[in-house]
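Presented below, as structure tokens, is a lone chain in the form predicted on its own.
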């Protein structure tokens, strides 16, 4: 088997501003973190990884890990702290951040919205309000105008399905509501409109810049061959893969206007029809038997990635894996998962899928939203007391893969 990846393949990691920067107090997540019981162990993002100040050293580590790309987000609540008012100091900061990435020989993929919103936007109703997509645009225009010359790839919105589900179905994200299906679809409809408007804004200013979004592909499998279980799996899959595109009509997120398809994948579940669960759409969910259960509590299997990527082949667009990783404190398992996962990415490329890059989640252990600092995805460990960074064996492994642009035989066993 040819173990090399295509020439020009992007090897990177992904991060989100709020999870790594620290001291981001002008967004709804900061308020959410102050509410007792919302975040495991009472953790907050007050310090996070202090990446806001240590980004230069962090990017030097990325270069040491042989990365040629990095996906990061711009924090809306810093750029536009009040409606219509833009902070030139923060814009200069992000110019410095992106400039440093380029100095290190690392291509930036910039995400405009990664789960966080300024408080003024939330006070006006957030993504549930009818004017939310338009309210997003001034920030988009300012970032595109001021920073666009430094950006290689644009990701408009990160995982809109996860943002909406965790905020209005499970209650794990702000505003912490549960089971509000109407609000879930209202939020998704507004985010779809925001993506379309942001896409047009970027292409008008930078017509040659590739623009897409990141879609979270949570894989649902039927618990048995019974018709009810097959229907339950299809129903669950539809709920996370589709968003409103017209009154009474749902379309696939991956078919949104875009120059590339961004896919984030971590987990899978089994679905069974259960008439005793009306509040859960009559679906009983469970982990896949025999699959590894991550510290997030979900089952993961590296072979699923090939099938997920092959679903995209017919769309005829380049694909970037915008996020993928394993929540575990057992780094040797992360090494095995990473090698097996990338082997399946290579098989998907051989199948004809135009995969052009892989962004591992994440470069360093950080504030994992409602899970706080207890869940670790990073290739780099961060000492919570000193903030000292230490590259893990999995990071060294990923570096060798990136440097070789392929899965050499010695890497198949994690050596």
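For clarity, every value in this text was computed on a predicted model and none was experimentally measured. Numbering follows the first chain given and starts at 1.
There is also a form predicted together with 1-deoxynojirimycin; it is not shown, and the following applies to it.
Candidate stretches 368 to 376, 344 to 352, 57 to 65, 36 to 44, one within 4.5 Å of 1-deoxynojirimycin in the predicted bound form by heavy atom: That would be 368 to 376.
Residue 159 within 4.5 Å of 1-deoxynojirimycin in the predicted bound form, heavy atoms: Flag for residue 159 set to yes.
Exercise: residue 394 in contact with 1-deoxynojirimycin in the predicted bound form, heavy atom 4.5 Å: Result no; residue 394 lies far from 1-deoxynojirimycin in the predicted bound form.
Residue contact check: residue 308 to 1-deoxynojirimycin in the predicted bound form, 4.5 Å heavy atom: Result no; residue 308 lies far from 1-deoxynojirimycin in the predicted bound form.
In the predicted bound form, residue 335 touching 1-deoxynojirimycin (heavy atom, 4.5 Å): The answer is no: residue 335 has no heavy atom within 4.5 Å of 1-deoxynojirimycin.
Residue (of 266, 273, 260, 120) lying close to 1-deoxynojirimycin in the predicted bound form, criterion heavy atoms within 4.5 Å: Looking at 266, 273, 260, 120 one by one, just 266 meets the 4.5 Å heavy-atom criterion.
Partner-contacting position among 296, 106, 291, 239 - heavy atom within 4.5 Å of 1-deoxynojirimycin in the predicted bound form: Spelling it out, the residue with a heavy atom inside the cut-off is 296.
Residues in 4 to 21 close to 1-deoxynojirimycin in the predicted bound form, defined by a heavy atom within 4.5 Å, in order: The one in contact is 19.
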